[in-house]
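Just the one chain here, the form predicted alone, laid out as structure tokens.
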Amino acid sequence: MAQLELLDVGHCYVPGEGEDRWALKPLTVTFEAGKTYALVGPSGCGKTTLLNILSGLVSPTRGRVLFDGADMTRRSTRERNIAQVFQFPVIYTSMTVYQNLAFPLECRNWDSRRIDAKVRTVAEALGLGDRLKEPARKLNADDKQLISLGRGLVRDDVAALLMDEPLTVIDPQLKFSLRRRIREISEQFRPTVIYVTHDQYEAMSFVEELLVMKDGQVMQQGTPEELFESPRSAYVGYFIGSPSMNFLDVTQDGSGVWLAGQRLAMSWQPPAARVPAEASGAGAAQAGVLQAGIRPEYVRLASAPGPNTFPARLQAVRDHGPLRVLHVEIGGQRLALKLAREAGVPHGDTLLVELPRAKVLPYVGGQLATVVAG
């Protein structure tokens, strides 16, 4: 497996368009060998364009693509030794499971004993060890997708495994088990995996790092925990998590930060930035509306007034299985909080909520602020 690098890579599908309208704005990203990444974001944000540039299906308008330091920008997909798994399983239905997995190795003239050993190792990891003799046409969609994945894993020369929304056509009841299987396989074989999806839960369930994209830019790159705990923009806060992060307009003066006429304390030391300069507005003065961001998971019901507690009016209760999501109003602003089912629903429509100081993050103009008094 290889380390993949994009150096100042950008792409425009319509010649002559301004850079602000490019499908992929120029960016520099490194995908380390043996790690699992996900590209997440809404349709049209540039995920598939980035993936196709890595695979060689698209030649970038500008920039270079390196595999282990070698320039592959104008090399074909075949020369890059990329394995790809698409939305719809691509297998040979006239072959058995064994023959499908063995075919890439036969094309590379491996000897039969080596082929057999590798096929059986990968098949066991995929949970297909006892089905090698079955015709592939009789398999269901998730097993066919596992074969597509297995054809990339059997090869020793694969630079990276690229997966473009591979669970789209899988039955919802089967997605959980297939995500678990993909994670186990990634941990066992340690391929360089770059996984495209619009489903944040699908990505966060097994990848080591996510790249959240919007309008052809990488807005933030980091571990699932980093993106959940410290989203560097309101966009990332909205995109990661369900319900999304709460953002409340607050005011600031010489004595502190205020929400609904009460003081709101914040205590937070920003980590080192891991967001491209073109997406962060780095170097520019922060300006705009000041907001306090907090995840619904961290908002608490309070039994008595105290620091960072605010009176709220209950507006709605949504059932989320083991959890209930309460929608409340504080000073005319909506706030969501998660409540364990066993905790029960509060009586009446007036309650107190606490916003724990350590979990309240400051945002200015939609970007995570570096300095806020309080």
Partner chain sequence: MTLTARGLTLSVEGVDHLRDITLDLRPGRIYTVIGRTLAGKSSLLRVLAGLQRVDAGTLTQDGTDLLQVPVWRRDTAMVYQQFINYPHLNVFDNVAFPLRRAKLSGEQVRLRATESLAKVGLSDFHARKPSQLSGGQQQRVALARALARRCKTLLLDEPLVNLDYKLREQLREEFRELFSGVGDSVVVYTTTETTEAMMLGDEVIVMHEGRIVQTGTPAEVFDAPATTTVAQIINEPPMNIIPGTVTGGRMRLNDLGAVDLPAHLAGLPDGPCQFGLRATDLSLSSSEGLRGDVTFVEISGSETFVHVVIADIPMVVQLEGIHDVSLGDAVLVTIRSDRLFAFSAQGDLLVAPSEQGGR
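Because the structure is predicted, anything quoted here is derived from the model rather than measured. Residue numbers count along the first chain shown, from 1.
Another form exists, predicted together with the partner chain; not displayed. Remarks below refer to it.
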property	result
Contacting member of 70, 33, 57, 317, with respect to the partner chain in the predicted complex [4.5 Å, heavy atom]	317
In the predicted complex, the one of 157, 225, 130, 111 near the partner chain [non-hydrogen atom within 4.5 angstroms]	225
Candidate stretches 24-32, 60-68, 305-313, 339-347 - the one whose heavy atoms come within 4.5 Å of the partner chain in the predicted complex	339-347
Partner contact for residue 187 in the predicted complex: the partner chain, 4.5 angstroms, heavy atom	yes
Contact label in the predicted complex: residue 176 to the partner chain, heavy atom within 4.5 Å	yes
is_contact(residue 332, the partner chain) in the predicted complex, heavy atom dist at most 4.5 Å	no
Exercise: residue 230 in contact with the partner chain in the predicted complex, heavy atom 4.5 Å	no
In the predicted complex, residues of 188-212 near the partner chain [heavy atom within 4.5 Å]	198, 200, 201, 204, 205
